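Included below are structure tokens for two forms of one protein chain, each presented in isolation as structure 1 and structure 2.
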Structure 1
Amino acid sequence: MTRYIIKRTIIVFLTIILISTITFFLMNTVPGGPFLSEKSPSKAVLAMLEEKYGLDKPLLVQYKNYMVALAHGDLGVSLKKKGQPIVAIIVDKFPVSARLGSVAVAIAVIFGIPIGCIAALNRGKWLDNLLMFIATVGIAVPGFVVATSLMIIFGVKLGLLPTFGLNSPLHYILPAFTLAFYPMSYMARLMRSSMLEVLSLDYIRTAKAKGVSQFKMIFKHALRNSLIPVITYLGPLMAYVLTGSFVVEKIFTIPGLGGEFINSITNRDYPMIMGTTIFLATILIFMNFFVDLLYKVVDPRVTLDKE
């Protein structure tokens, strides 16, 4: 286990360096600049701004300076927010996105796993068909369509729920369900498939033959092994929730990190683009790392050191 953790930690840092490098050079190939707009400054002012933020140096020198600063935990300053540190912006905005994402993940897990189990135990019946139809709709319909539909139905027509901001628990319902609908549907289908496969294994048949109750057979034997594919999906699920929240935050006017990321792309705020990309990529990498370790908890037969 120790050797595996050390090995994965090294891979994590190498991956972050690779992502930083690719993002840096791709970002600088995009036409335009952070100081160019409809009312662009004069050439003298533009030169002073580029010198102030180090954009007048050769690209490789800029890359070296950025990576050195990154190694010291410095993500730079925003070019559009009067030199506000990127770290301060992330610290201020990310908790909002994290709270929304946590609620969405909780909804997806709490409802997705039971729905998949119920569908598997009622295979071929009307309940199975109904649940899988809903899950298929959840996978096929884009998030912005779900968000708009929920806003119109529950916010405008019925007037039951607020449609912007996160000022109270009620404000979380629509955006959180919008974020959770796709992963909940995908998890339900994944859980159904996994449960059906486990229920067909020999040890389950043996348990049935010995007269083990259905409740004990499902929750003690079948469910634990069925969760392995679902746990695998938890890493990408976190990525979906964090990146998918960008669109949801815009639609529901939520002051989270997603809005800052979208604005940074529109404004060519290079340090902000780099900072948010590296931050979110790091979270995704560590979530996948955590999921790998969680395998060992769910299934003690898994040996990590050989990987």
Structure 2
Amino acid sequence: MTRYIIKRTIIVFLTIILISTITFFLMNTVPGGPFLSEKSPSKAVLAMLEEKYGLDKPLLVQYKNYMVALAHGDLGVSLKKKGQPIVAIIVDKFPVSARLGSVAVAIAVIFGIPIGCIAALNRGKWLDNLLMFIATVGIAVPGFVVATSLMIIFGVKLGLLPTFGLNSPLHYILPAFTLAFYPMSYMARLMRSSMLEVLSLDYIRTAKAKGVSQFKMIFKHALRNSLIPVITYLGPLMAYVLTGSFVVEKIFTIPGLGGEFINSITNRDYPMIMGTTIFLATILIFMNFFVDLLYKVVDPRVTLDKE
């Protein structure tokens, strides 16, 4: 276990360094410097600016400076937001996205798992077919379709729910449900098949033969083991909610980091793109790491080390 954690930690840090490196060099291949805009400054001013930000140095020196700054938690300064440090922007915007994301994850788990269980226990009946039909459609419909349909139905036509901003708990309903729809459907399908598999195992038959009640059999025996495959999905779930936030925050005009990231791309705010990419990638990589560890803790049968 310890060996595995050490090995994985090394891979995690290597990946983060790799991503930062890729991001840095990719962003430097984009033609046009950060100070070239319609109101181009004079040559002298340009030279001064470049000296100030160290852009006159060779690329490798710039790379070294960037990585050293990164190690100190400094992601540079936004170009479009009047010299605001990117870290400050992230600290400002990320909590909004994180709150929305957590609500979405909670919805996905709270609804997805019971739906899958109910479908499995009613296998082949109309309820199973109905739930699985919804779930199959759910994984085929892109986030922006869900978002816009919900927006038109509940926001524009019925006028029941607010369609932009995040000012009250009511504001969370549409965006959070949009984010949760795909992972919820996916989890329901996963939960159903894993529950069916567990229900066909010998120990369940033994429990039934011993006269364990239906309720106890499901909650004490079957549910625990069938949750294991669902846990592996938590990693991709986080990734989906994070990238899904780009679309959802754009559609529902939510002032979070996902929307900010998309804005920085359309504004060509390169340091901001770099900073956000590295930040989001780091979060995702750590999330996956913790999910893997959790998997190991929950199911002692899993051997993480092949040796």
Partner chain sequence: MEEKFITKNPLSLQLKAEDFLPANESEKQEMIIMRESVTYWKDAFGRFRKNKLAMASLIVIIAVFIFAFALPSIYPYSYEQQVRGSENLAPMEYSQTELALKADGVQVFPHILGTDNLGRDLMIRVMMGSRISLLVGVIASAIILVIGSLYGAISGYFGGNLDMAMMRLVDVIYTVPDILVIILLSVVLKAPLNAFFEHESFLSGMSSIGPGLISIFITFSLLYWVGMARIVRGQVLIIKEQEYITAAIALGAKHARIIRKHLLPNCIGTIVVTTTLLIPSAIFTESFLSFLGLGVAAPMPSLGSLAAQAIGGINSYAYRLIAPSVAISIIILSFNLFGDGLRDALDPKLKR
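Quick note, the numbers are simply positions in structure 1, starting from 1. Computed from a predicted model, the values in this text were never measured in an experiment. In this text, the rigid core denotes the largest set of C-alpha atoms whose superposition between the two forms falls within 1.5 Å.
Visitor: Of structures 1 and 2, which one represents the form predicted alone?
Guide: Of the two forms shown, it is structure 1 that corresponds to the form predicted alone, while structure 2 does not.
Visitor: After fitting the rigid core, is the C-alpha of K250 off by 2 Å or more between structure 1 and structure 2?
Guide: Result for K250: no, shift under 2 Å.
Visitor: How much does the C-alpha of K7 move between structure 1 and structure 2, in Å, when the core is lined up?
Guide: With the rigid core fitted, the alpha carbon of K7 is displaced 2.5 Å between structure 1 and structure 2.
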